[in-house]
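A single chain comes next, written as structure tokens; it is the form predicted on its own.
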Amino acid sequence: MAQQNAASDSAVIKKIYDDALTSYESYDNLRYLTKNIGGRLSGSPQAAAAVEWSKQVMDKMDLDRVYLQEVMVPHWVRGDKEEARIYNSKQIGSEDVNIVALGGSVGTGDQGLSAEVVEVHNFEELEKLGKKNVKGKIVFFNRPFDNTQINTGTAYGGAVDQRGGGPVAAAKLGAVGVIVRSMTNDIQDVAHTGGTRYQEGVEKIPAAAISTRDAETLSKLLKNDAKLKLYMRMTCETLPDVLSYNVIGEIKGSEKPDEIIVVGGHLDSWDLAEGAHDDGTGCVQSIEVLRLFKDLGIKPKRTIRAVMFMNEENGLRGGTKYAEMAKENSEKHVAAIESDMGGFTPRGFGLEGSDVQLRKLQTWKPLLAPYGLHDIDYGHGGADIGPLKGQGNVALIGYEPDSQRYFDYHHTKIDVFENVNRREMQLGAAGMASLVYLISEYGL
């Protein structure tokens, strides 16, 4: 019987891949989302358009249910000006550098901000400098990725705390601004934005990311010239919260409709470009999972729900609201799968869950490995599905594509449709659909 099931499951998975790899629908969806709507920062008109568009796409799919879930989201706007330059340098005089405001940052005021710069690599170095050496200065956080890490997501995790917590730590010591090395393993001219956080009772100071190439230049100059200054001007501000929505489509399970499998990505993106890899691909892949089931006539035993989460980038309110409503409605989630590492070549899945769940996932390796899904182990589930943790025995699963190129594009002006390969993206969608099928059939 087990051999017969394996043969049958293998045949279904083959059909999923054949359909996905010969279809252009998902890629066309990504094209529309990125080219016609563009960057979709929470609270923006583009985010609202993306909500309406994704609902319309799923409305046309003859699903059992498509609906919106209300969520209030922050509304930060970048403004019309971001500029910075090194000046008063003994070696180069004055030179422009590439910066972008960090999401949530306050502006500098129309006149901009000028100050001497002090470089640190971690919070311990900052504390050792103390108020005497920090007050009135711009703190430059310059800790690079650990490029010995094979998984660049691990390297990101080892550096990103300076972006999130740097402004508060610096402000406590009297700094007037913060510059953070961009979160990428590459040396490039493009600056990478991303969210930062302020703390009640601590002065809010302007915070920007600087390109890695300019970070290298600034660091070299500071070694011989501690008195050089940096000028920065940003016109960003935070406006009142805005009503937005998670967008949800589902196919009811034929045998266990009360057991839910979520597959999702986040609909919002940063505003610098088109949000193609982050996270347009995750959204269209999740919708593609439903399309594959419908197109192939696969009747899932458990309910499959595709969720386009809102506000992952600068608040996580969509994921938090989804989990709140799931708890309020006493819903039983058996698994949640998130795609939020780009549309690159599939490698596998990472589990936040139990030993029993991992052993079950690993029994399916013979079915998934022929399609390049070799890495099935413990890992990070995903930011949007994270709030579901603790609601019963839900398995949180992160789809893991190859990570080497993701942080070239992450949170930048070059995260555009042209940098997504259709075949790689569709391989990912098929892999997600195959795992959803297996969980639907057999549970975890």
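We number the residues from 1 along the sequence you see. What you are looking at is a predicted structure, and each value in this text was computed from that prediction instead of being measured.
The same protein has a further form, the form predicted in complex with a further copy of the same chain, not shown here; the description that follows concerns it.
Between a further copy of the same chain and the residues T320, T235, T154, T345, the one pair within 4.5 Å by heavy atoms in the model of the complex involves T345. Not one of K60, F293 and N393 comes within 4.5 Å of a further copy of the same chain in the model of the complex, counting any heavy atom. Remark: G372 counts among the residues lining a further copy of the same chain in the model of the complex, judged by a heavy atom distance of 4.5 Å or less. A residue is said to contact a partner when one of its heavy atoms sits within 4.5 Å of a partner heavy atom; S114 fails this definition for a further copy of the same chain in the model of the complex, lying far away.
Proximity of Q56 to a further copy of the same chain in the model of the complex: non-hydrogen atoms within 4.5 Å are absent; the residue sits far from the partner. Although the partner is absent from this view, E324 stays clear of a further copy of the same chain in the model of the complex, with no non-hydrogen atom inside 4.5 angstroms.
In summary, the region of this chain contacting a further copy of the same chain in the model of the complex, judged by heavy atoms within 4.5 Å and restricted to 276-284, 171-179, 140-148, 307-315, corresponds to 140-148.
Looking at 15-39, the residues that come within 4.5 Å of a further copy of the same chain in the model of the complex, counting any heavy atom, are Y17, D18, L21, T22, Y24.
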